[in-house]
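Consider the single chain below, provided in structure tokens and representing the form predicted alone.
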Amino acid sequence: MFSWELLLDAIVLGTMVGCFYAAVSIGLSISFGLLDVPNVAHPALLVLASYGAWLLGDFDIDPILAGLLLMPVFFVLGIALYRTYHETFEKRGSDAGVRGLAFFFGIAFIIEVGIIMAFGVDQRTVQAFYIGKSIEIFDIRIPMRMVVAFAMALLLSLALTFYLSKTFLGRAIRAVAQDEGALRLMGADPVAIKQWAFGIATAVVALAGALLIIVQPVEPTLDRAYIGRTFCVVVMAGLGSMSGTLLAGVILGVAETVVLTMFGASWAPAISFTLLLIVLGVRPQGLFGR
């Protein structure tokens, strides 16, 4: 039977879930949306960061702090990945996108197999004072872990929006996405800027991975559940839109939660691909793209 109370609960929780989706997608919004790099290894890097946060948890380090500590490591990893991609595919010009897609699929497979070999297939969780607790707002009980994900997603979106619009390097990243040739004429090195941007995109994944293990237990193949969601959020937002990524994440989160509440969990995974197909068919530039 239909219940307005259940629907309201689903919308509120879906908003929290959607902000979490935005947090795990925002790095892909930079690498794929702005740099046009087909980084399908993004969800696998996300899971790798979750395992990193889990390992640091053995030293009583809070997951959020663990994510921050992992960001420099993932920044260097991102630079190494882009240099390999550029030298092997982008520099040669032809079929860079298709060949790069295979390259990042290979990276994702290596990460997944490496995690299985190192840690097995068991689910992993972390402990923090806010995990397992909840707050009540207008008779709606909200898990504290989702409140943390909501807050971090807002901070990430605001920080990246400010960085890309107000700093020299941020404006250069946007410029290289629009007109690489013009940027070269101004004396800037597009490859160095792309390398820096991909490093930032990968560093953000470290913090998003910490949020992932806060929100749910992780296991090596969890990246498969997020590949559709992350690409759906980025495409629906409009490639490279930070604020659009946040709003698109909320739309996906609310849609998934409402469908889960009204029709059952088996229908929820199909929502991301359905929304992705609708947006590509009706508005290919994304809901918030120009």
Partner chain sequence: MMMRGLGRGLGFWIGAAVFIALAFAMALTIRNEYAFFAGFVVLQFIVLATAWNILGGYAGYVNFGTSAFFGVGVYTAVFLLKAVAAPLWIQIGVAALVGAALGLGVGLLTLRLRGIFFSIATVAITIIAETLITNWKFVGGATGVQLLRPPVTSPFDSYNKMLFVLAAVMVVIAVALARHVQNSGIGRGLRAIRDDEIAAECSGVPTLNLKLVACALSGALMCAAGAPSAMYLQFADPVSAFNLNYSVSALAMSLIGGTSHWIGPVLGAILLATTQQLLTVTISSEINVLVLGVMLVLFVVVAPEGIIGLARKVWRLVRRGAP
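Numbering follows the first chain given and starts at 1. Remember, predicted model here, so these are calculated numbers, not experimental data.
This protein has a second form, the form predicted together with the partner chain, left out of what is shown; the following refers to that one.
Taking the partner from elsewhere, no residue among I64, S165 and L169 has a non-hydrogen atom within 4.5 angstroms of the partner chain in the predicted bound form. The partner is absent here; in the predicted bound form, the one residue of L222, L239, L247, V254 having a heavy atom within 4.5 Å of the partner chain is L239. The single contact residue among L158, A102, V76, A151, judged by any heavy atom lying within 4.5 Å of the partner chain in the predicted bound form, is A102. At the 4.5 Å threshold, heavy atoms of A80 stay clear of the partner chain in the predicted bound form, well away from it. Using a 4.5 angstroms threshold between heavy atoms, V147 stays clear of the partner chain in the predicted bound form. Although the partner is absent here, V98 sits close enough that one of its heavy atoms falls within 4.5 Å of the partner chain in the predicted bound form.
Residue contact with the partner chain in the predicted bound form: F89 places a heavy atom within 4.5 Å of it. Stretch-level contact check against the partner chain in the predicted bound form with heavy atoms at 4.5 Å: of 204 to 212, 191 to 199, 108 to 116, 170 to 178, the positive one is 108 to 116. Residues from 263 to 280 that approach the partner chain in the predicted bound form with a non-hydrogen atom closer than or equal to 4.5 Å are S266, W267, P269, A270, F273, T274, L276, L277, L280, in the order they occur in the chain.
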